[in-house]
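We begin with a single chain expressed as structure tokens, specifically the form predicted on its own.
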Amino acid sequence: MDLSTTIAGIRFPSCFMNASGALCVTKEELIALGRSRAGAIVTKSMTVEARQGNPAPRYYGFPGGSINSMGLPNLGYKAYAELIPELKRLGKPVIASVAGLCEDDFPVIAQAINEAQPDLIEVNLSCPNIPGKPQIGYDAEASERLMKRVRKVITVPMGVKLPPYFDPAHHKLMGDVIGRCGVDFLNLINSVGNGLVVDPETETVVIKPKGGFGGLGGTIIKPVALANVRAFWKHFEGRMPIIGTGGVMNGVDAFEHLLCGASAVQIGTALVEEGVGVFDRLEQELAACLEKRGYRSVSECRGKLREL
């Protein structure tokens, strides 16, 4: 069974990889991903300065999903720029995830990271967990301005990680913007922002930052993720490579993302809960799922979702 995939001309030995934010902050975590069955090493979304992130507890798993308000803990872009050559020697593609606390941060980080030559750069327009900072991806004009600025300094394939959109008008608006900005791939979606989980036993929220508000992940967000993958697949008529992120807990979940148009899938909640061994399980489950349905590769089923 061929579980490899290609995105923007870069071949990945497996279609499974970590989502930025899940066990990928430190050098040790990134090397562990490189030695695992993951098809890529995706860095934590990086800012100009190193960040501790929000106070703990800031992650909570519950039946059906997770909530987090991590606050972009990361080593700072200079540390990741130094790490990238070492990570590339582990023999799989490296995706550097670039963020920023203001618009002007992005080109500075992108230029330095581009010089380190990761295989791809993902521009994160969608972190929902910085107190006082809105998601850039919900502002079409700001998103277009930023993407055009970073595109000028990025020479490797450039993708964007987007927040969830809930209206076809927004899918079209952002699809049109993306089409004008030289984007090579999409990552859909980041966590569903500003959910709230309550513990009725203690009568409290379950995470400390932002009064308990945080990004939702896991099974609970899968329908939203699938809808965004499908909407953008159709907008670009299958020509834009898409990484599906959200609710992939087993091989069938991954198959659903592929059917909707994803070329690869990223794992967040399941990776945090299980560790890097999750990639072995997911590969086995997806291979069994594809074989049962008569598919011989990931690419054979991509986008094949049928409508009634």
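Small disclaimer: the values here were computed from a predicted structure and weren't measured. Note that residue numbering begins at 1 and tracks the sequence as displayed.
There is another form of this protein, the form predicted together with ligand SIN, and it is not shown here; the text below is about that form.
J.: Spell out, yes or no, whether the shortest heavy atom distance between residue 190 and ligand SIN in the predicted bound form is within 4.5 Å.
T.: Yes, contact at 4.5 Å.
J.: Does ligand SIN come within 4.5 Å of any heavy atom of residue 163 in the predicted bound form?
T.: It does not: once ligand SIN is placed as it appears in the predicted bound form, residue 163 has no heavy atom within 4.5 Å of it.
J.: When the contact criterion is heavy atoms within 4.5 Å, does residue 209 count as touching ligand SIN in the predicted bound form?
T.: Contact check for residue 209: no, nothing within 4.5 Å of ligand SIN in the predicted bound form.
J.: How about residue 159 - does it come within 4.5 Å of ligand SIN in the predicted bound form, if we only consider non-hydrogen atoms?
T.: Result no; residue 159 lies far from ligand SIN in the predicted bound form.
J.: Just one stretch in 81-89, 138-146, 119-127, 228-236 has heavy atoms within 4.5 Å of ligand SIN in the predicted bound form, so which one is it?
T.: Heavy atoms within 4.5 Å of ligand SIN in the predicted bound form occur in 119-127.
J.: Any chance 44, 68 and 72 all have a heavy atom within 4.5 Å of ligand SIN in the predicted bound form?
T.: Each of the three qualifies.
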